[in-house]
Structures are given as C-alpha cells and as structure tokens.
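The data below hold one chain only, encoded as structure tokens and taken in the form predicted alone.
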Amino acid sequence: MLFKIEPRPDPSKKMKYLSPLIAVVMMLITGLIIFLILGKNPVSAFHAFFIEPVNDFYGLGELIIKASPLMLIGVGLTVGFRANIWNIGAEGQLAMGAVFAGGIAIYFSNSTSVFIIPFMFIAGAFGGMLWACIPAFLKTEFNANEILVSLMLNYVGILILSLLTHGYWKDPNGYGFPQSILFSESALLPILIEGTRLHAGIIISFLAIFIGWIFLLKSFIGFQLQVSGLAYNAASYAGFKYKKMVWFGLLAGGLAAGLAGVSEISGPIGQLLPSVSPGYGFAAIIVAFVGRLHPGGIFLSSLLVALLYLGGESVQMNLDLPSAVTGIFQGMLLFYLLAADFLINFRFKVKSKL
C-alpha cells in the first residue's frame, strides 16, 4: 500500500494557533520518556526542570533575564521572517553588538559619564546592523543565499569576539583568563528590583514587543513585509520593492541582536567573554516560530524557552545530567512544532493501485 502527500484544501486556522500547545505537550511527554530511560524519577526530574528554577522571587527574576534577549531578538527576526527573509545570523550579530559596545565600555573605563550606557547601545545597534548588512548586500546585489551567508557569519563574529578577549582586550590582571576588564559602574545597567538581577535592559525587550506589535500589525511597511512573504508576485505587482524588504528584514534582526548583546554584557555579565551568549541567537528562531511570528506569542514563547535554559542548569546541579538536556528540549519543541504544522497543511492519502 502506497501513500502520497497532498496539500489540504482548507487548512484549519484554529489548529495553526493550537499547534504550539500540541508541540509543548509532545515535548513534555518525550521528556518524560527520556528521563525514564536515563533512570531518573520523572516526578523529581520534572520538578527540578520546570518548578525549582522559578519557585522563588529570585528565580522569577532570572526567568525574565533569560527571556529578555530571546523576546528582543525574536521580534527582530520576525520582521524578516514575515517577508520570507531568513536571517539565521543573530548569534553573530549579537556578538558583534557586544564587541562594539564593549569597546566603548573599555575605552571609557575611567569615565563616570551618564552617556556611556546610551553610547554603548548606539554602538551595539550599529555593530549588529553592520553584520546584518553583509548578507543583505550579497542578497540584493548578487542573489546570494541569505541563510548560508548569515549562518556562516555567526562563526566569524564569535571568533572576532574570542580573538579580542584572548588578545587585544584581555584583562592584564585577569590571571590569564580570556576576558576583558570588568566594566565600570557607568557602563553597567542599573538593577530595577533589589534582591534580584533584573536590570534596565529588560525594559528595551518589553518595548520591542510593543513596538513590534504596532509595526508588524498596524503599519504599512509591516503590511508590505507580510504581503511580500505570502505572495511575492502580488507584492511586486503592487509596487512593493523586494530589495527594500530584504534590507529592512535583515537590518531589523541585526538591530535587535546587537541591542541584546549590549544588554548581556552591561547587565548580568559585566564584561566581555569569549562567548557572551549560550545560543540566544539560535533559540530566538524557535521563539519566533513557536510564537507564530506574533509579538504576543513571542513574549509567551520566550518565557518557555527561558525556562528550558534554567531547567537545564537545574538538572545539571540536582540530577547530574549534562547541559545538552537544554538543547534536547529545544530541539524537540521545534521538531514537534514543524511536524504539527506539516500535518495541518498536508495530509497522507492512499494511492490507488493502477
């Protein structure tokens, strides 16, 4: 008996929004099976993974800190994704944002000016956008694949950061560790709530959700982006310029990633390290799609993925499991989301025998 795959004539709109919930449930069920295979008590494992990291006020603060760069980058990437512009380079753009902002903090390490933080954010935004300009230019001028170009640039950006922290910007009093000097107080974001590490950078992320909602759903440019992604020929016929959409989509992602890099080094880290991100640039892609490319959904999905980060750290300490657990759960979430979306839009049909 043979099967064929064919598009559904009328895909369910309701299931489109229920599919993230289905993906989360399937992720939890598969996680239960994995914990059983590893010989861990599933109740204890789930408590350590999903409850213990946020069972107090400090833990909730850590959840928001982890979610902050994810929601910021997720909104930025969504601008391009809605137009079918695939920016996979947010990790490198984040690193370059950190490099440009970190250079400001190091150069003015003895300054007490209140303008250091604003200068750092301007420099970080420029660094992220500059890195995004490369795939945008190559796409519009030579029709290079932006997926491959932006993906490869991740490694270049991270290696530039590593080169600086191992060499030119290495702290001479850091006992040989590859790190920059600790930033001065003027280069650190203020703490919003005492007893937590919640810093002012989260305000930018929440603003990004609000601005993203207005821009993507209420503005004419947001409409152009969506039409370009859904029907390129119709967008071209309407006079929408595709090259403009490419630049806009990629630069928005670079801007958001650069700002996220600044928030990380001037917030919870307080200096430059060879790696300032545990993979936020890649995880934000999952956040964007689990959130259905909608700012409200991105807010909720960023909290979920942030919890996976915290849960991975918790089971390392409490259950002696490897850090790869976080990546496994993130991968399962994306896999089940893609599988659910596939079944929403396509169906299997038995082929008639000839």
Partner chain sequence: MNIDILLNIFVATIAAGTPLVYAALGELITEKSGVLNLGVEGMMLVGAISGFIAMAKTGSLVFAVLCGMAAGILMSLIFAFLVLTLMANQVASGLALTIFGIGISAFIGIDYTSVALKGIPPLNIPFLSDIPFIGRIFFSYDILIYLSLVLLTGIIFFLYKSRAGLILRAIGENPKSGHALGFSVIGIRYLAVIFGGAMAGIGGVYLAVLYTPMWVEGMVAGRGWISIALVVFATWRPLRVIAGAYLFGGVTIIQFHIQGFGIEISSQFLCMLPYLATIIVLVIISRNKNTIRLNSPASLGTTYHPATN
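Definition used throughout: the rigid core is the maximal C-alpha set that superposes within 1.5 Å between two forms. Not measured: the values here are computed from a predicted model. Residue numbers count along the first chain shown, from 1.
We do not show the form predicted in complex with its partner chain, though everything after this point is about it.
- The shortest heavy atom separation between Asn143 and its partner chain in the model of the complex is within 4.5 Å.
- Remark: Val149 counts among the residues lining its partner chain in the model of the complex, judged by a heavy atom distance of 4.5 Å or less.
- Within 4.5 Å of any heavy atom of its partner chain in the model of the complex lies no heavy atom of Tyr17.
- Within 4.5 Å of any heavy atom of its partner chain in the model of the complex lies no heavy atom of Gln179.
- With the partner left out here, its partner chain still marks one of 204-212, 159-167, 246-254, 181-189 in the model of the complex; by a 4.5 Å heavy atom cut-off that stretch is 159-167.
- Contact here is defined as any heavy atom lying within 4.5 Å of its partner chain in the model of the complex, and by that definition each of Leu138, Ile286 and Phe335 is a contact residue.
- This chain lacks the partner; the member of Phe223, Tyr155, Tyr107, Phe115 within 4.5 angstroms of its partner chain in the model of the complex by a non-hydrogen atom is Tyr155.
- Proximity to its partner chain in the model of the complex, defined as a heavy atom within 4.5 Å, singles out one entry of Val290, Ile65, Val305, Val325, which is Val325.
- Scanning 82-115 for heavy atoms within 4.5 Å of its partner chain in the model of the complex gives Trp86, Ile88 in sequence order.
- After superposition on the rigid core, the Cα atom of Leu343 is displaced by 2 Å or more between this form and the one not shown.
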